[in-house]
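The form predicted alone is given below as one chain in C-alpha cells.
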C-alpha cells in the first residue's frame, strides 16, 4: 500500500518545481491566480471605490493643506507648495503661540456654549414631550408647532438691532448685576450671560422640532400603560421618556454645541472686541495672525485646528448615540 503522506507532499513539491518560472521570480500559477481575481472584479464596484477615493481626496486635501501649513515656518510657507510637507522649515512654534493666545478664549467659549447647549436641549425635550402627549385640540397644537417652526427660520441678521436694544434698555444686566461686579468680577462677563440667554432662546425651536419627531415614533402603548398605572405626566417623562431619549439628546447636543461654538455674529454684537476679558475663541481667532507685516497663515491654521478640537471631541464622545439618533 502506498503511503499517502509521502505521495501528497511529494506531488505538490514536484508540481511547484516543474511550474514555469517568470524572470521576476513569480510562477505562471501566481500570474493565473492574479488574472482570475482581476476578472472577478465587478466594474461597477470598482468605479464606486474609485469615486469614493476621489471624494475622500477632494475633501481631505484642504484639511491636509491646513495641517501641513501649521507646522511650517513663515519662510517655508512662501517657499513650498501649500500641500507639501516642510522639508527643513518644520516648527511647533505656531501651535505654541496659538495655544497661548486662544486659551483664554476657549475657556470663555466653554462658559457659555456648554450651559446654552444643555439648557436649550432640556427645554426642547420638555416642550416636545408636552406637544406630543398633551390633549390639545388639533388646531391649537398646529398653531403652537407653527410658532416653533417659524422660530427656526428667523435670520440672525434680522434681530441684531432688537437684540442690542433688549440687552441695553429692556434688561440692562450690566446695571442689574452691579452687586456681582462689586465682588471684583470683571463686568465684561455680562456678555457671557447675554450669549447664554440668546443662544438658548434661538436654540429651543430647533431642539423642540427634533425631539418631537423622535417622540412621535415612541410606543404610545407603553406611555398609556404607565398612565393607567397612575403615573403622572412628569413621572412618565422622568422614568420612561427621558431614558429613551439618549440618542436624540446626542444629536441635539452635537448640533447645538457646534452651532453655538462656531457662532461669530452674536459674539461680535454682544462682546464686540477681542481684547475683552470675556472674548470667546471665535472672536480672538478672527484676528489671530494678522499684523501690519501681513498674515501669518501658519499661525492662523494652527489656531483654527485648536479651536475645532472641542467640537471634534464632542462628535467622538457622542458618536455612537449620534448615529443611533440619526437612524431613528
Partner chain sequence: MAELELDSLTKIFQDGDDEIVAVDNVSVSIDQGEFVVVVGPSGCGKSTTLRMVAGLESVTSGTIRLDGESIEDVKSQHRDIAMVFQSYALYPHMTVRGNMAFGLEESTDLPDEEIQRRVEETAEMLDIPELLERKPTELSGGQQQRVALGRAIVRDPSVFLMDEPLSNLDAKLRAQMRTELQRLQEDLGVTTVYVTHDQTEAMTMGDRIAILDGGRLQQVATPLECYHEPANRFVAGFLGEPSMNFFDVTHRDGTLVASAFEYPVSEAVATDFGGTRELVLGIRPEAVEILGTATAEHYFEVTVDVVEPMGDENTVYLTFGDEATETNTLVATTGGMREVSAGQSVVAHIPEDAIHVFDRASGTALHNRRVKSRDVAEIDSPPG
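Numbering follows the first chain given and starts at 1. Everything numeric here is computed off the predicted structure, so don't read it as measured data.
Same protein, other form: the form predicted in complex with the partner chain, not shown, and the subject of what follows.
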>> Within 4.5 Å, heavy atoms only, which of 158, 150, 142, 228 is in contact with the partner chain in the model of the complex?
In response: 228
> Of the residues 177, 114, 240, 201, which one places a heavy atom within 4.5 Å of the partner chain in the model of the complex?
Replying inline: 240
> So which stretch, 158-166, 86-94, 229-237, 122-130, is the one near the partner chain in the model of the complex (non-hydrogen atoms, 4.5 Å)?
Replying inline: 229-237
>> I'd like to check something about residue 222: if you look in the model of the complex, is any of its heavy atoms closer than or equal to 4.5 Å to a heavy atom of the partner chain?
In response: yes
> Is there a non-hydrogen atom of residue 244 within 4.5 angstroms of a non-hydrogen atom of the partner chain in the model of the complex?
Replying inline: yes
